[in-house]
Ligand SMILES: Nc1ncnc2c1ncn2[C@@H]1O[C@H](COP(=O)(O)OP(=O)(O)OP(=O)(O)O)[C@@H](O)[C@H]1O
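Encoded as structure tokens, the following chain is the form predicted on its own, with no partner shown.
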């Protein structure tokens, strides 16, 4: 029996979210926010935290700075039930990353100081630790500048040890959508982009055609559709699941929470319709509180939410 259900290697940082900002941001003005939240951020950490909240045994490897923000981030992740024994705190010029999110009613701006996110490499990863698991997940492919050239080797070694692999690229800050992704996809069992990412990766604006192209490259393609739910393609099979309706606070981490909900059921051998419904439920639940993990930290609220929806 492996020690973990899922292991992850990736970024660990905090999100600072500001609400109630004006639509325009003129220079040299002191602009006021109505509300703020400092919460666990980064796609990898949100997936790990919420997988643990959903009952999975989760191991996590990352590299953070020797600074107060790093300590807060690792404490939040550990409190969520994730094993953080392999997170490295490294003194030096690079500090723990931080993402600033300016959340408005209909849109947001996202600014990230990458810090130690860029510094993570294959040398930071304990391979025995990662492979003491059934499954490996990687988020933020384009942010992993140090690790990204080595991902094909990492995935090849993980597959040789019998692990299944999932990947969510998230956004590409450089807007190029290259970086060897096609070489990586040959090792991926579950690919989890959203609709915009699917279009950008393929260069095809028509989502159906973009999805068909990606579905040729991976055994299972899952595309997150926001308010329209999600769809999955497995060979010629197609599955669709509607989004859950909730009282919305913000969309931060909703896609990563979807990944956690989907994978939690996928690893139990559930059918794809159940996996999609679980992903949509987890993604919706994350939007009921600020940030990507705050809702999942409240066990009573989480259990009530699932129970009221028949789970």
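Numbering follows the first chain given and starts at 1. This structure is a prediction, so every number in the text was calculated from the model and none was measured.
The same protein also has a form predicted together with the named molecule, omitted here; what follows describes it.
Note on contacts: among 275, 53, 254, 58, the single residue with a heavy atom within 4.5 Å of the named molecule in the model of the complex is 254. Note on contacts: among 131, 94, 164, 194, the single residue with a heavy atom within 4.5 Å of the named molecule in the model of the complex is 194. Here the chain stands alone, but in the model of the complex its contact with the named molecule, taken as any heavy atom within 4.5 Å, falls in 217-225 among 174-182, 217-225, 73-81, 201-209. Against the named molecule in the model of the complex, the set 170, 244 and 248 is in full contact: each member has a heavy atom within 4.5 Å. Although the partner is absent from this view, residue 108 contacts the named molecule in the model of the complex, with a non-hydrogen atom inside 4.5 angstroms. With a 4.5 Å cutoff on heavy atoms, residue 146 does not count as touching the named molecule in the model of the complex; it lies far away.
The closest heavy atom approach of residue 283 to the named molecule in the model of the complex falls within 4.5 Å. In the model of the complex, residue 229 approaches the named molecule with a heavy atom inside 4.5 Å.
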